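One chain follows as structure tokens, the form predicted on its own.
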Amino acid sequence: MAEQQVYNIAVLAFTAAGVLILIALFFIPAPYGRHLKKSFGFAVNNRTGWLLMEAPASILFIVFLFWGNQHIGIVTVVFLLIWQAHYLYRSFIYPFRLIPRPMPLAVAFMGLFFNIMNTYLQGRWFAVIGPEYAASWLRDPRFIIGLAMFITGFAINKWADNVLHRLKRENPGTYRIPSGGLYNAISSPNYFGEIIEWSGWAVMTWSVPGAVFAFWTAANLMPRAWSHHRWYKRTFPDYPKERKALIPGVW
């Protein structure tokens, strides 16, 4: 079977899995962090878990990109650098900022599976499946708008993470209500930022796998934001009633 056929099947199967995940996570919150369930099997340190599931996205992107007879130009190199800006941080910096806690090994393996599949779809698109991007693409409005979205989402995500890290350092072993900036409007600005970030990737690459990644990001983070929002409201009687879960003023 030709790689194009394998790739098409993988896209369809991965998209269908995303639909199932979107539905399931509204009923069963992913059991890590504040939603941890000891009944979910053997657990590892969350730093180990994050390394296990995120590092392959950084490493395998390079493997899938340069494996075989590929067309690699300046635009693809730019996409590689943008990808690594996110995943080098997420793989090798973010885990060591976490306060050590247990993470079910099953959750880490599900994240590992997602990243292997997603990285294959992204890397092989640039290498052989998709059209070769001419250097003029860097001046295309889609690239410019998508890059602006990516940078904006990246900045929101990192700012929101910093707020949470500071709260955890100042209040070890307990949770507090985050506030300031977007936290005054929504419960999960970190997830809001990440959805914007990968939606920007979909726009700047103008590609099928980019759109699938944006969909998967929303399918995973929308239910988790909703679970966080309900958890905050249950845990803190004084939680601000005007805050929404994920989209300011809407939901």
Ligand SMILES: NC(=O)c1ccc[n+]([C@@H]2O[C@H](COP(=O)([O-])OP(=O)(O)OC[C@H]3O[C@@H](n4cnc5c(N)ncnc54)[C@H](OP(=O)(O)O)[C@@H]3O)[C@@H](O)[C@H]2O)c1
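Position 1 is the first residue in the sequence shown; the rest follow in order. Nothing here was measured: the structure is a model prediction, and the numbers come from that model.
Heads up, the form predicted in complex with this ligand isn't pictured, but that's what we're talking about next.
Just one of Ala106, Ala127, Leu164, Met117 comes within 4.5 Å of this ligand in the predicted bound form, counting any heavy atom, and that one is Leu164.
Contact check for Trp83, Phe92 and Trp159: none of the three has a heavy atom within 4.5 Å of this ligand in the predicted bound form. Within this chain, Phe14 is remote from the site of this ligand in the predicted bound form, having no heavy atom within 4.5 Å. Taking non-hydrogen atoms only, Thr217 approaches this ligand to within 4.5 angstroms in the predicted bound form. This ligand in the predicted bound form comes within 4.5 Å of no heavy atom belonging to Pro31. With a 4.5 Å cutoff on heavy atoms, Thr205 does not count as touching this ligand in the predicted bound form; it lies far away. Stretch 93-101 is the contacting one of 69-77, 143-151, 127-135, 93-101, since its residues have non-hydrogen atoms within 4.5 Å of this ligand in the predicted bound form. Within 4.5 angstroms of this ligand in the predicted bound form, the stretch 44-70 places a non-hydrogen atom from Trp50 alone.
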